[in-house]
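In structure tokens, the next block holds one chain alone, the form predicted alone.
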């Protein structure tokens, strides 16, 4: 395998991009990702917090310690992983992390691997989705993405500017991807609006350093209250309000997540 370190974005020409490696390296090890060439982009993407913009190479640890960003994002970064992983993980890599669904990780021939079924729907699925789970019942694991969704963040890439909600898409038979990034497109920065108040709450199987069973971010932006959820759908989920939980479609073993989500939403709104 070849490792390239380009000097600028103009030098990018194929290969699998890697930053902190906390997501890409395990997937390569397990044979889920395959690549002949890795492209280290740490030296060519923006890093740090400048005003209301966050460089995509900024680590979760750096964001956790920054008083310049909203509380929901700081807390989402603090709860995302162990200190070692937060010191390596970039915010861009966190947004693009893959599902933790064990069928996908064990390379079952599920829909996301090009198969003709979702194994979770008829197998063990306690940690899976309660929304949009008819085609794929996986649950998106990013705390950070849920916080940014509630904060109404915008992304700047090498090709366009878009709301963070438009970064994600539900997989279907025609397109099984869960992001809308084009080949070779690189996220460069995140832009945050003025935020009046925000909070992130998380239910985990362990007290620390675990993926969200349910994560709830709430933010008041321009007088509007927004709710972003992690761990409840194949993509980060924008909840239109507490009553929208009535439309959840839990599987037999995920009904408990609806109750947890109701409690966390109520607590988050009280905190706002």
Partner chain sequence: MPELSLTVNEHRYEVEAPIEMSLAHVLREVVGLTGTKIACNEGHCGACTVQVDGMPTLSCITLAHTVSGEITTIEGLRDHPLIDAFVRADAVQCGFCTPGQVVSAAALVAANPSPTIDDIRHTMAGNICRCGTYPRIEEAILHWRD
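Residue numbers count along the first chain shown, from 1. Computed from a predicted structure; not experimentally measured.
The following text describes the form predicted together with its partner chain, which does not appear among the structures shown.
Enquirer: Is its partner chain in the model of the complex near all of 10, 43 and 90, within 4.5 Å of a heavy atom of each?
Expert: No residue of the spot touches its partner chain in the model of the complex.
Enquirer: Could you spot which one of 238, 245, 38, 69 gets a heavy atom to within 4.5 Å of its partner chain in the model of the complex?
Expert: Contact residue from the list: 38.
Enquirer: At the 4.5 Å heavy atom threshold, is residue 50 in contact with its partner chain in the model of the complex?
Expert: No - in the model of the complex, heavy atoms of residue 50 and its partner chain never come within 4.5 Å of each other.
Enquirer: Report whether the minimum heavy atom distance between residue 114 and its partner chain in the model of the complex is within 4.5 Å.
Expert: Residue 114 lies outside the contact set for its partner chain.
Enquirer: Can any non-hydrogen atom of residue 82 be found within 4.5 angstroms of its partner chain in the model of the complex?
Expert: Residue 82 belongs to the contact set for its partner chain.
Enquirer: May I ask you to state whether residue 17 is within 4.5 Å of its partner chain in the model of the complex, using heavy atom distances?
Expert: Taking the distances in the model of the complex, the answer for residue 17 is no, it never comes within 4.5 Å of its partner chain.
Enquirer: Which among 50 to 58, 201 to 209, 215 to 223, 229 to 237 is in contact with its partner chain in the model of the complex, heavy atoms within 4.5 angstroms?
Expert: Selected stretch: 201 to 209.
Enquirer: Listed by sequence position, which residues of 141 to 176 have a non-hydrogen atom within 4.5 angstroms of its partner chain in the model of the complex?
Expert: Stretch hits: zero.
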